[in-house]
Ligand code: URA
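What follows is a single chain, given as structure tokens, in the form predicted alone.
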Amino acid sequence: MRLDKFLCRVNLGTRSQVKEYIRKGLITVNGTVCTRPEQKINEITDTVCFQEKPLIYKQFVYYMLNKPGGVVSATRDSACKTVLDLISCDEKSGIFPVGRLDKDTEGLLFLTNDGALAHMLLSPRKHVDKTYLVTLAHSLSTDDVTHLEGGVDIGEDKPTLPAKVKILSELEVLLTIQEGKFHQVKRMFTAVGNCVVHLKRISFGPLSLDETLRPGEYRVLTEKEIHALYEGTNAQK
């Protein structure tokens, strides 16, 4: 792996920043100062230091993004800004959103390059909970709640799986589902004669949206959060 690419992968900085660190002689490989960004290193066996502090390479990266409205959950799009455009690090190769949020839906989106974990999280057999804060045009009746929690017809071959509904106020509810069908939340409320005015995902499996993240901001997951994702799917890290 190129030295500058390695430095980006360990989140030391952008490509231009790490090249400046290299130029200034702040990077050593196995104790020797390196001044060429293109120098090849073995990211597993070589010891790379920044100002004498070792840099630890991790094969996989894990990000929590507070997705804003107007951005599509894709790695590329010819017409719209994508969630990957919001990731500022230069080295984004292989990173993708796990699942999707509709263009106008906000909130928690998990991005990674760990394909095995993503597959497990999206597997219908794992029954991963996804909770949304929903603002509605009209209040829900008791019958509406009963229908939503029992499964409703949204035009698919089968009704939706049972959901959980928690009333927060006259027009705000929390909806927890385990599926991810196209426009599912909106279609579920349409099925009971209502309309979604605003939609924000606040949790995905064991992850809860970090409310310190403003729309469009992201952060690296903590080791505890990463462990919880693996534990919740019984996947091997």
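Note that the coordinates shown come from a computational prediction; the quantities given were computed from them, not determined experimentally. The numbering used is simple: start at 1 and walk along the sequence shown.
Keep in mind that the form predicted together with the named molecule is not shown, yet the notes after this line are about it.
Of the candidate stretches 99-107, 113-121, 154-162, 74-82, only 99-107 has residues with heavy atoms within 4.5 Å of the named molecule in the model of the complex. Scanning Leu199, Leu207, Val48, Leu65 against the named molecule in the model of the complex with a 4.5 Å heavy atom cut-off leaves one residue, Leu199. This chain is displayed alone, yet in the model of the complex one of Arg36, Lys40, Lys58, His183 has a heavy atom within 4.5 Å of the named molecule; that residue is His183.
Residue Tyr132 is the sole member of 123-152 found to place a heavy atom within 4.5 Å of the named molecule in the model of the complex.
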